[in-house]
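In structure tokens, one chain follows: the form predicted alone.
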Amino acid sequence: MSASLADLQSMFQDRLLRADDAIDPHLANGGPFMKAYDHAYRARLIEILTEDFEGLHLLLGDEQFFKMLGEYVDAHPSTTRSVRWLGRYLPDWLKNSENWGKHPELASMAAFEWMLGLAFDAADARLVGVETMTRVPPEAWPMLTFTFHPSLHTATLDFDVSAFYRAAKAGVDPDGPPIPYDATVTWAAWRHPEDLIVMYRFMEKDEAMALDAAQKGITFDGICEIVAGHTDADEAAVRAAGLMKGWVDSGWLIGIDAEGMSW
């Protein structure tokens, strides 16, 4: 029995991913050493995930952490050429899992760490500086739309996991478990434009809503309306402008535009 190289590669992949034994007749002596691969591939996927979720590891402990990752890999096997994206479903999977969903702090930790990872290895882009903003004519401001740096990512969390995460990274015992919020809080993570360190901070509700709107293409005028719902109407424009300055100073913005206008 013969098969093309492409067919053999496909059958080998099916053996790794789905325990399909269609390749066995094509192997010498039935492939007695194929069993070495039966668990190695899955174990390697789990090992990769451990590098992305150190805080989650500390939160669960070795036994429960590796048990959880095994269940996740079985539920969400790798489907892309790069295993970089293997953990992208973990936060939602934890939140909706019958077993792990009983511990909502796990989903918050996973979402927080995945956000940091996305910020770390995002593409680079030229930033908009304060001097660019000062050249915008006053009549253009209401129509301004914004483009954000690829490293800027957000996560909406039910628990404050930041202190626990820092303890995990430092290799020290945390002061206590993650603390639940009274209401969900949005965090932002981005890569510092100069030293390339991933920065992160929580956002007040109006800033989180303003950022979400800006990322969806809402104009500055629309952002001011959003901010006005959380502060005195007379101060909304000043507050919104302050948010813009903070985004520029942090290196979040890479583009500004006003439809039909140029300067």
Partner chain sequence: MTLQGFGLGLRPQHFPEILGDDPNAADGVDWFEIISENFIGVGGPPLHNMMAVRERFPMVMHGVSLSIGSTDPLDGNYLKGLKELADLVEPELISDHLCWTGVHGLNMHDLLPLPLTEESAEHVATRVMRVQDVLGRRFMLENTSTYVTFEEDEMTEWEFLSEICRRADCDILLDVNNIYVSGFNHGFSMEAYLDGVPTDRVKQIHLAGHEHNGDYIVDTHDEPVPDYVLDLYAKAVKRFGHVPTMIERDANIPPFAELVRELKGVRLIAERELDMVPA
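Residue numbers count along the first chain shown, from 1. Owing to the predicted nature of the structure, the values given are computational and were not obtained by experimental measurement.
The form predicted in complex with its partner chain is left out here; the points below concern that form.
Shown here without its partner, the chain carries 4, 45 and 86, all of which come within 4.5 Å of its partner chain in the model of the complex through at least one heavy atom.
In the model of the complex, its partner chain lies within 4.5 Å of some heavy atom of residue 123. Its partner chain in the model of the complex is not approached by residue 216, whose heavy atoms all lie more than 4.5 angstroms from it. Contact annotation for residue 153: none of its heavy atoms lies within 4.5 Å of its partner chain in the model of the complex.
Residue 41 belongs to the set of residues with a heavy atom inside 4.5 Å of its partner chain in the model of the complex. For the options 145, 78, 97, 186, the residue carrying a heavy atom within 4.5 angstroms of its partner chain in the model of the complex is 78. Stretch-level contact analysis of 154 to 162, 189 to 197, 169 to 177, 128 to 136 against its partner chain in the model of the complex, using heavy atoms and a 4.5 Å limit, identifies 189 to 197.
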